[in-house]
Structures are given as structure tokens and as C-alpha cells.
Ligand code: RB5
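Given next, in C-alpha cells, is a single chain: the form predicted alone.
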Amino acid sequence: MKLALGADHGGFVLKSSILGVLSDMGIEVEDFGCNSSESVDYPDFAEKVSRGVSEGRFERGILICGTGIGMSMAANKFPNVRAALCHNLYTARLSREHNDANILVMGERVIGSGLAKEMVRVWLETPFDGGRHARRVEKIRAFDHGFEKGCRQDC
């Protein structure tokens, strides 16, 4: 699996600790920054990761900021992205099982490092259940195609 990773200054420390987990799991990672705790703009990093996932260059992505809210809002603007803001193991698991989330978003100021590392493991190891959930994910994918055509209502 090839994964894109990004954080702003509010998620820099947590991003650094997650790199070790990803390495232990044998995940190929491209780290898009940031590389310090100096203030930066989170949309810049959300764009790099989300564009890579949207275009299929990465199977999945992980984004981290202070709360995760800004990153998730920015990430979900990209077609083919299903970014899930998760705060615990349950939401991380269900974001994969039910929603086929392809970007995990976390907030460094909301969760601790130990929990975040376990969330990453669970999220990466949990497959999409398909079944009744596939129909719902397909409806989300249809939004992408409608917006790409410039549709504001049913096309």
C-alpha cells in the first residue's frame, strides 16, 4: 500500500510519532510535511494529500491538524476522497467498514499519541464490508461525477 501523509503545525508532533507505526507495518509513505511546529496553513497540506488520493497516486492518506476539523473539511472538497475525522477506535474501524474511507483525519489536540497509533493500525487493517454499504458509497461517488459535470441537481 502507498500512503500520503500530511499535517500542519498543530499535528506535526503526532505525525512524527505515526511515521514509526507506518514503517513497522511496512507501509510505503510519502510525507508531505509540515516539518516543524512553525505556523502554516492546513489547506496546503490537505490539498497535497487529498489530490494524491483523488488522482489515484495513493491508495490512502492520513491528515492531522489540531482538531482534524479543518483538514477534513478541505480534504472532502476533492473528488473520490472520503475523508473521515475519527476520535477513537470505533469510528476509525467503522469509517473503513461502512464508508470505505480513504483518508483518516485526526486531531493532535483531541487524541493522544498511543490512541492515534492504534487508530492508524485499525484503520489500515480494516477492510470495507461492501454489501449494503457499497450502495451508499456508490451514491457518494455519484456526487463527484455530478459536480465534475457542473450539475447542481440531479443530472
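So that there is no doubt, residue numbering starts at 1 and follows the sequence shown. Computed from a predicted structure; not experimentally measured.
A second form of this protein, the form predicted together with the named molecule, is not displayed here; the remarks below concern that form.
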| query | finding |
| --- | --- |
| The named molecule contact in the predicted bound form: Gly52, any heavy atom under 4.5 Å | no |
| The named molecule contact at Arg57 in the predicted bound form, heavy atom, 4.5 Å | no |
| Close approach of Phe45 to the named molecule in the predicted bound form, 4.5 Å, heavy atom | no |
| Leu104 within 4.5 Å of the named molecule in the predicted bound form, heavy atoms | no |
| Interface segment, criterion being heavy atoms within 4.5 Å of the named molecule in the predicted bound form, picked from 66-74, 90-98, 22-30, 111-119 | 66-74 |
| Residues within 4.5 Å of the named molecule in the predicted bound form, restricted to 8-26 and counted by heavy atom | Asp8, His9, Gly10 |
